[in-house]
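Shown here is one chain on its own, the form predicted alone, set out as structure tokens.
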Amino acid sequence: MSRKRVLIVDDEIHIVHVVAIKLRNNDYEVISADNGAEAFELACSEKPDIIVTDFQMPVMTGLELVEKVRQCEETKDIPVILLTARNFAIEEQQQEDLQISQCLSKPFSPKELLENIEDILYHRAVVNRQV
């Protein structure tokens, strides 16, 4: 079975580093970007299995990234986990409209993020097998 590929997007390099270590230790392939514009290009070229993105970033926010990902035929079905600072709530309607699989508040534990990724990817694999 091929390794799952995760795109991590955050302008705080230490967060990318910590998450990447946790994921690599659990046999995931990790791609990273420090802004939404770069992440969108990587999403299109690398087609990750899941995207984990920060909400607040320079150049393009996490939400703008998700909007672009959803508009592109090649990337529209990639699940997304959005990381937000405590005081940035995403409206439930917006989360639904953009098909954001999960919102996690910072600070979060890498273990919690890993569990969310596995739940989403495993659930998706089960759903796809039933189709």
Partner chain sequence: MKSVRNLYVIVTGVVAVSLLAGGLAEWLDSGTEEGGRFAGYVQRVPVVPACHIVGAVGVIWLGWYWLKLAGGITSIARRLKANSIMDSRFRGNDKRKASGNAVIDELSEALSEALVRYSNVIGELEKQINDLQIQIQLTQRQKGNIEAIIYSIHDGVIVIDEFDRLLMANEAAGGLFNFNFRSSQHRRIGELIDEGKSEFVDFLRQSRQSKAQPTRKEIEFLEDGKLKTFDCIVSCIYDESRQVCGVVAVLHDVTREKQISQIKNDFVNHVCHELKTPLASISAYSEMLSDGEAKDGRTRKEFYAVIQNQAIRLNRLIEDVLNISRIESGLVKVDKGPVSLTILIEEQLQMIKSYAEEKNICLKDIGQSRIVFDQVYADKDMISQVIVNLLSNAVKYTPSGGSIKIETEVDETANVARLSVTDTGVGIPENEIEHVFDKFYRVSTNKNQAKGTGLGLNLVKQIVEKVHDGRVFVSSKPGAGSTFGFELPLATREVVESLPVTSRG
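Owing to the predicted nature of the structure, the values given are computational and were not obtained by experimental measurement. Residue numbers count along the first chain shown, from 1.
Another form, the form predicted together with its partner chain, is not on view; read the next lines as being about it.
Partner contact region in the predicted bound form: 55-63, out of 93-101, 40-48, 55-63, 71-79, criterion any non-hydrogen atom within 4.5 Å of its partner chain. Its partner chain in the predicted bound form comes within 4.5 Å of a heavy atom belonging to E12. Shown alone here, H123 lies farther than 4.5 Å from its partner chain in the predicted bound form, counting heavy atoms only. In the predicted bound form, its partner chain lies within 4.5 Å of some heavy atom of N26. Contacts of stretch 96-110 with its partner chain in the predicted bound form, defined by any heavy atom lying within 4.5 Å, are made by S105, K106, P107, F108, S109, P110, listed in sequence order.
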